[in-house]
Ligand code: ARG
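Consider the single chain below, provided in structure tokens and representing the form predicted alone.
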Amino acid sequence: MKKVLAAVVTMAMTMSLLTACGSTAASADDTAADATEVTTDETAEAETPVEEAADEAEVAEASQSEALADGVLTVGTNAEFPPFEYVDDNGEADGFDMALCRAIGEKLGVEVKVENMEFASLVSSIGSKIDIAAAGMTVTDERKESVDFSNPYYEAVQYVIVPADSDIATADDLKDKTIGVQLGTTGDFIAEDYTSNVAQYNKAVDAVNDLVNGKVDLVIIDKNPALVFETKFEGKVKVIEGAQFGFETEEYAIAMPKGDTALADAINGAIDELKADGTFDELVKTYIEAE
């Protein structure tokens, strides 16, 4: 009987010990699991600022135009279109458009470099040789197929330059005449509506020189350059407002790579600031109204 009782007691003690060990192991496992969960949560929390910083960097990179990333904005122009662009006495490209672009560069904190080239090559050079083009360029649907434009900054209209003694006065008088134009300009497109005798020039002044020398009957060009040439060739030519021929007004804008919204936003923002602080109006007075 004592042996049986001893066996029962021994078995009870053994079961008690096993139960205690099981509870201890379970507690240890639970503690380890809790520690793992805390560590994982802490790691996740620690990684969150890094991920946010990476996201912010991606956003900043997306909002930065490649054209501005190197700190230089290369502007293409044709310095044969006064007062918007011309070569000054120091051999440098100047004029309203160049002054506007330099002012934009200051607002954006970048250096402005100017490349003087033929007008007809400007659009095709954007995104390769130059970042943007500013050359008294009219916004047209045809050009929009290749480039984007800034918000318009100037409204213009075509004028007609004729010899001082010319009797040309209406649209009908333009028919079948020999018309001088600067290649690739609005005047070039308009002339085709009136005649097949279109003389195209890389420089507007060459067209006016040929007008004075009797090689063309008239020249179609923007208002402001027309007024400049009227002064330069005083007594030899006269200008006629485009409205007399039914020419519509047009808008000048800066051309830039298609799809570069970051660059467009930056340039439009700079122009808005220049208008707001009075710089734009000062440039108009200096370069356009002074003419």
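Predicted model only: the values in this text are computed from it and were never measured. Residues carry their position along the shown sequence, with the first being 1.
Same protein, other form: the form predicted together with the named molecule, not shown, and the subject of what follows.
By the criterion of a heavy atom within 4.5 Å, T138 is counted among the residues contacting the named molecule in the predicted complex. Shown alone here, E250 lies within 4.5 Å of the named molecule in the predicted complex, counting heavy atoms only.
Heavy atoms of E85 reach within 4.5 Å of the named molecule in the predicted complex, making it an interface residue. The closest heavy atom approach of F119 to the named molecule in the predicted complex falls within 4.5 Å. Between 177 to 185, 162 to 170, 67 to 75, 101 to 109, the stretch whose residues reach within 4.5 angstroms of the named molecule in the predicted complex through a non-hydrogen atom is 177 to 185.
Here the marked residues F81, R143 and D222 all reach the named molecule in the predicted complex, each with a heavy atom within 4.5 angstroms.
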